[in-house]
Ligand SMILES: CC(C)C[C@H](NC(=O)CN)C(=O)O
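We begin with a single chain expressed as structure tokens, specifically the form predicted on its own.
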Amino acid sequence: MFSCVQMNTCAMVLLLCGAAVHSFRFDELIKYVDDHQEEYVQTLREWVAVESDSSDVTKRAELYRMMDMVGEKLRKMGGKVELVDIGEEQLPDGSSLALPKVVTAQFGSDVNKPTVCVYGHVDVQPAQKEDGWATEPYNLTEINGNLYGRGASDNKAPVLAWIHAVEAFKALDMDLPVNVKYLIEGMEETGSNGLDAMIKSQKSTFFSDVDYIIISDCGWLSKRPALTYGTRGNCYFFAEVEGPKQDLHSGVYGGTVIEPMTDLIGILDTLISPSGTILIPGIRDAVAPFSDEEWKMYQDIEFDVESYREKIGVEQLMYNNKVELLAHRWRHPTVSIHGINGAFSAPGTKTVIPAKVTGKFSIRQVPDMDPAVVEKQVTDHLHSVFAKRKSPNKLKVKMIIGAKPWLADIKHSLYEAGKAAVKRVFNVDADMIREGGTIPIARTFQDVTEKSIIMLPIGGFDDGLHSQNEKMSTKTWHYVLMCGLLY
């Protein structure tokens, strides 16, 4: 049933972060977890049933309710709980709406023990059955050992795994090997609005005694359990080209005006080559070199290139070698062009020359790239190539997002604890992996609190995060909880 492996992973991690292992009653904790599987599934079912879609303002009441449920769960366990007001967000129509409160909780305040802070979120991506779900997305459904539902893997089950790990200690009247704090938010899927300011404001209060921060908002790369030690950043750009004062008929005006769309396509084509080489001058100058040690670590990771290709559904990948593919997915920068606003995209035909078009693209950046430097490099490059076109149209370039990459020291004691927990529970060495995407909160924690951070994935490589039929394996969840009991 419920994957107590995940919860035991969490508790094992808690143990290894703290006191000596010789007095640890691990078998009792395992039995407790096994005996409460149905209860754990029911709690997850109740949480999944809440449509806590942070992107839909019409569902904001559900998001408020979700945060209240988290707070009440932690309060019933005996935690010192606060629901922190983080202000309002401004809506496009000029009105404002209260952001969901951030839940903080504390268990234990022994100055002789280290303090671990667990971060998670309980908001979700949009989901409707007609999107292609086999089940109702907000009705947790078990099929062949998998629990299907929106938020099952991202991030409600992982949050509950860490909560249940502490709950097991409390239920058995066992001392926690560490003091535990929780920080659970409800706006992660839309950019964690208000959270950066809250973290900064509580640096000398809530975070003052925190030694380690654990994030479980990521997944494994394969069937082998993993620990994540790095993410890429994200510099997101708008490139706007404006020409005539209004859209024009291509039959009447085509051939007489220099079209904004032609200019935009022309400059976007100078960002990256067909083989994937970034063409922006200087963009790779600050990229950290790929060491021999890193190459060896990538070589040892469990990853099947052909299965990856088939899962994506493409004829050919950019790289066929495992190390090269993983390196370009995780630790090399890349350019992706996402769309063009202002262009005709509806079904059918429309012979229009758009008066203004905006290209949207991003650069996933890696250590030691700086968003401010990337912004200047991209802006200078686009204005330079645009000037060579000698176009009368106007170009504006703006960086909308400048999220920094994050990288941890895998030789830190926190990662040694994670490795030991995975080894004890799964009887295999954890794959040490990075994420190609961006988790901005990790870098915020690192910069503001100056604490050590680990990402401990609680979710399979095939869980379908953000996709249809998102699920959590009961077996994976079970094992990771056992790791938590030892962490």
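Numbering starts at 1 and follows the sequence shown. By rigid core we mean the largest C-alpha set that fits within 1.5 Å across both forms. Only a predicted model underlies this, so the values are computations on that prediction, with no experimental measurement involved.
Keep in mind that the form predicted in complex with this ligand is missing from the display, and what follows is about it.
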Sort through 141, 262, 379, 234 and report the residue having a heavy atom within 4.5 Å of this ligand in the model of the complex. 234
Among 181, 73, 101, 121, which has at least one heavy atom within 4.5 Å of this ligand in the model of the complex? 121
Answer for residue 171 alone: is it within 4.5 Å of this ligand in the model of the complex, judged on heavy atom distances? no
Taking this ligand as it sits in the model of the complex, is residue 454 in contact with it (heavy atom to heavy atom, 4.5 Å or less)? no
My question is simply whether residue 188 lines the interface with this ligand in the model of the complex - judged by any non-hydrogen atom within 4.5 Å. yes
Check whether residue 329 has any heavy atom within 4.5 Å of a heavy atom of this ligand in the model of the complex, and answer yes or no. no
Options 60-68, 420-428, 435-443, 39-47; stretch whose heavy atom lies within 4.5 Å of this ligand in the model of the complex: 435-443
Going through 205-224, which residues have a heavy atom within 4.5 Å of this ligand in the model of the complex? Please give them in sequence order. 217
Core-aligned C-alpha movement of residue 365 between this form and the one not shown reaching 2 Å: yes
Once you overlay the rigid core, does the Cα of residue 139 travel 2 Å or further between this form and the one not shown? no
Quick one: core overlaid, is residue 237 moving 2 Å or more at the Cα between this form and the one not shown? yes
